[in-house]
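The chain below stands alone and is given as structure tokens, in the form predicted alone.
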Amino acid sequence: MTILNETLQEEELKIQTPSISRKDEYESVGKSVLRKDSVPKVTGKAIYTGDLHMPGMLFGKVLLSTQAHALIKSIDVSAAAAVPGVKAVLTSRDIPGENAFGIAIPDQQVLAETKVRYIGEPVAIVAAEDIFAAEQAISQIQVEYEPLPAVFSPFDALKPGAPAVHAKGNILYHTKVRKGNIERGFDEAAIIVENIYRTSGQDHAPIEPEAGFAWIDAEGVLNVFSGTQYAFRDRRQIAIALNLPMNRVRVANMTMGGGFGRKDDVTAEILVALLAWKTGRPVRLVYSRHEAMMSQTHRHPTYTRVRTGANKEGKLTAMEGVIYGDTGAYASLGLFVIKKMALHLGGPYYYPNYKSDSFSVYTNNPIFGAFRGFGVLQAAVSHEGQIDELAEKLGMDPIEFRLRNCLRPGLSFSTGQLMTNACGIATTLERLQDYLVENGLSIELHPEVSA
């Protein structure tokens, strides 16, 4: 242990020493700073939600839907409740407050009531003296489903007469961005490139699976501990679901073993709070990796059609695009993620004429929500592909073409916002250009062709 500690101290000193010299001295900028949680994590000393334990603690487990879209005809929990060691089996009927939550809009069920909308939706929860009894109880719950037609792509969901994921329809949100005169912009173009781009869904796969720990203290306050990205928002949603005043709910943030946007949503917090409130005992609920990937949020799959024009001088004249984002069965942050795609479809480039539409669409797929980049990464696949193809068709170096068209102070973004400061794309490209020259390198757009 002594050798390990000495090694870690030596590594800390190396990390804290700036690796490059700068003429200007800053307090933080340009210096490597050791993360405060890094050493506890790598030495195993960090305490995660799944590590918490209290005397009399119960173990929670969740029953997930096996149907993508179905009516719930009945739920029989009698056999589960009879399993030795089981202290509570809860369904939607046992929720004292509102059976609804959500970041953007409260369209998500805490526990499915009359209908399930995706495979993996929570239907019932169990608390037992040990995890084995909890798992046995879950396997004894009998749910009778009446399957409904389902939709698994935005295009199927938007067809006339498509099955409605929600009563209000399958379009969650439509964003429009308009700037300049798009027809005139394409009339001025010498080269027009049009393509369809598709990005796939992606799981965050944080090392720490979703987990919650809840208990009621001596003053009757419900305490919920979890590795959450937004404790105050979780607190509000727990209070609504349990019909409690806010001052009766306390949410504490634990060490987080990876979030990346996934833990921006409520994960296990409301469920474990319900079990603790029902039993009056501490309850810990930890998702398995399989359960987490089935029931939690992911990166949005997107489908984009985009048309971009440039004149003979290599200046962009217009961009037009339409985006379809699969938000899954519930909104999460899909409204804002796909909205951002419409704004950023053109990327960090100046278009005098710009038109984009994005549709966030409900399907019976798992929920898609926040993930690092928040829609801008999906947009980048499109706009960088367009820029490369335009540069190639114009016979221009791809970096020179970008420098000729990138946003600079005084130019306007897709929304019409004028760039003032924090507009460093040109400097970044120039540094890349210098690096390539210094190292005798060049950018090959299609290396597989030349090979």
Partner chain sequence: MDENNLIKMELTVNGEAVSMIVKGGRRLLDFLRDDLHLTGTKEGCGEGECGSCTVHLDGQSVLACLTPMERAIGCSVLTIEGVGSPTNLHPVQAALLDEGGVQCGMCTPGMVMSALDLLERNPDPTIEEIIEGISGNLCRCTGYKKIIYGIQQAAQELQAASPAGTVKESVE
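Residue numbers count along the first chain shown, from 1. Computed from a prediction, not measured in an experiment: that's the story for all the values here.
In what follows, reference is made to the form predicted together with its partner chain, a form of this protein that is not presented.
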| query | finding |
| --- | --- |
| Which of 65 to 73, 382 to 390, 30 to 38, 409 to 417 lines the interface with its partner chain in the predicted complex (heavy atom within 4.5 Å) | 30 to 38 |
| Selected contact from R184, R93, K312, R289, since only one has a non-hydrogen atom within 4.5 angstroms of its partner chain in the predicted complex | R289 |
| Residue (of I196, V221, A205, A252) lying close to its partner chain in the predicted complex, criterion heavy atoms within 4.5 Å | A205 |
| Partner proximity in the predicted complex: G85 to its partner chain, non-hydrogen atom cutoff 4.5 Å | no |
| Contact label in the predicted complex: H300 to its partner chain, heavy atom within 4.5 Å | no |
| Contact label in the predicted complex: G257 to its partner chain, heavy atom within 4.5 Å | yes |
| Residue contact check: G50 to its partner chain in the predicted complex, 4.5 Å heavy atom | yes |
